[in-house]
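The chain below stands alone and is given as structure tokens, in the form predicted alone.
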């Protein structure tokens, strides 16, 4: 195949890796850079030296999707282990209840004995605070589950996670959280495919990048001079950073991850626990409870606790774009996007490039579609 020219990909996470592989297979020479010292972006996983347990450095990444095409593409590079994710919320009295809210959650909190969907719907309707046109996340949740459940399971968590009240958050932030009227306690029951890569995400991304047409340079920050003499640049860097924050910053929430060793709690059978108190920690993950993450010694658990913070207080590590009810930051992003359209031979990709909260399957699906669309346009 005749080489078609050089492509620069900024970022070695899923977005960059998918673009790189797709374009390399089409005959382009792709140079991937990442300012971090590792590939796989926020999905990067590694082995804990003390316990031999695999853990995700930037918090749990749990693959789930309805998109068979995404699974088929990824399956070229990995085998899978089945895993259906379950989460419990720790009440202040020491009880654990399922999240998302289901029949068991309601029965436990309110000491009721609801038996079927009709009874659960009727009970929640009694609790609900009518909001015909919810203006924000608070209105939306109160219209679905009432004031008490909203405060207990969502409002405190939101204050910790976002440093904002639910009344300041766009309703879209919480609309993605389902409310169930049965005993189903799976976190993603609507997704046909739920699994983890057998050898981890780092190995998966490494396999995607393993192509003769791809080179990878780590610990390499982006510089505009790198765009010289390339056919195109696909960048997953923060779009506001690229433009020197000319219109003001696009804010993100970040997470400080506290990785600790502790005795294994035999009663814990779920991997992730959310905290409903007013303390600084939002959730913790027990890694040995994820399939394929191993626990060779069996002596201790590796637990990761998450403490949200402003990205400016955590080395500019961007995880969650802030979406407020007034839409100010969405508007600012759209202005940056208009600026990007004036740039020659440049496309922004991924979470930070498009200022979206995206699950892994969405990033991969968008990247496959985007790369193929770009190739089609070049062929015209």
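Just so it is clear, the structure is predicted and the values come from calculations on it, not from any experiment. Positions refer to the first chain, counted from 1.
Just so it is clear, the following notes concern the form predicted in complex with a small molecule, a form of the same protein that is not shown.
Not one of 159, 275 and 355 is positioned with any heavy atom within 4.5 Å of the small molecule in the predicted complex. Comparing 47-55, 22-30, 327-335, 347-355 against the small molecule in the predicted complex, the single stretch with non-hydrogen atoms within 4.5 angstroms of it is 347-355.
The listed set 232, 181, 80, 222 contains one residue whose heavy atoms approach the small molecule in the predicted complex to within 4.5 Å, identified as 222. 237 is the sole member of 237, 216, 101, 145 with a non-hydrogen atom within 4.5 Å of the small molecule in the predicted complex. The small molecule in the predicted complex comes within 4.5 Å of no heavy atom belonging to residue 371.
Contact check for residue 42: a non-hydrogen atom falls within 4.5 Å of the small molecule in the predicted complex.
Mapping the unseen interface onto this chain, residue 73 falls outside it, with no heavy atom inside 4.5 Å of the small molecule in the predicted complex. Using a 4.5 angstroms limit between non-hydrogen atoms, residue 339 is distant from the small molecule in the predicted complex.
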